[in-house]
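The chain below stands alone, shown as structure tokens; this is the form predicted alone.
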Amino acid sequence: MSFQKEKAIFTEYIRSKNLKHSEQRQLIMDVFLKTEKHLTAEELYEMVKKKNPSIGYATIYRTMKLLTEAGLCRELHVVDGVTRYEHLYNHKHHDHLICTKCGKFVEIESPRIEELQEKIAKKHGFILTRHRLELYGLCKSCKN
């Protein structure tokens, strides 16, 4: 995949903030976009340093902050205290099952859950603008 739209969005966002569009930022974005999983900054760092060992943690964190601000990814803060990043742009809404032992994430999509959330919000006079559902427990491997 070429991720041309994502690259254009990021380039425009960087330009709007009067920042430089560096090769390091580009590499970090490319590695992130090619990885369809919930990555920690440390995991991303390990992947990026194989391609460019001169990139440090601070550059990873700053770039992920910019990608988040640009609407290309989302930060996930879960009970283990480790921030993970997931793709946001052009991805369908989903919720998560999260293992409290190993940290495994499972993306779930459920129209019934979405309908129920809307119904509950309406009952209480709320108009939902966004939501995030995270269900915590033990995955199949950890429960044994």
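Owing to the predicted nature of the structure, the values given are computational and were not obtained by experimental measurement. Note that residue numbering begins at 1 and tracks the sequence as displayed. Each form is matched to the other, and the largest set of C-alpha atoms that superpose within 1.5 Å is called the rigid core.
The same protein also has a form predicted in complex with another copy of the chain, omitted here; what follows describes it.
Another copy of the chain in the predicted bound form: contacted by all of I14, L19 and H94, heavy atom 4.5 Å: Contact check failed for every one of I14, L19 and H94.
Proximity to another copy of the chain in the predicted bound form, single hit among I98, L66, V31, A41 (heavy atom within 4.5 Å): Only one listed residue qualifies here, and that residue is I98.
Heavy atom within 4.5 Å of another copy of the chain in the predicted bound form - residue from T35, Q26, T59, Q117: It is Q117.
In the predicted bound form, A8 touching another copy of the chain (heavy atom, 4.5 Å): Heavy-atom contact with another copy of the chain at 4.5 Å: absent for A8.
Partner proximity in the predicted bound form: H77 to another copy of the chain, non-hydrogen atom cutoff 4.5 Å: Within the cut-off, so yes.
Residue contact check: S110 to another copy of the chain in the predicted bound form, 4.5 Å heavy atom: Yes, S110 is a contact residue.
Heavy atom of V82 within 4.5 Å of another copy of the chain in the predicted bound form: V82 lies outside the contact set for another copy of the chain.
Sequence-ordered list of residues in 110-144 near another copy of the chain in the predicted bound form, where near means a heavy atom within 4.5 Å: The stretch 110-144, when checked against another copy of the chain in the predicted bound form, contributes S110, R112, I113, L116, Q117, I120, A121, H124, G125, F126, I127, L128, T129, R130, H131, R132, L133, E134, L135, Y136, G137, L138, C139, K140, K143 at the 4.5 Å heavy-atom cut-off.
Threshold 2 Å Cα movement between the shown form and the other one for K104, core superposed: Where the cores coincide, K104 still shows a C-alpha shift between the shown form and the other one that is 2 Å or more.
Flag for H131, CA shift 2 Å or larger between the shown form and the other one after aligning core: Moves: yes, 2 Å or greater.
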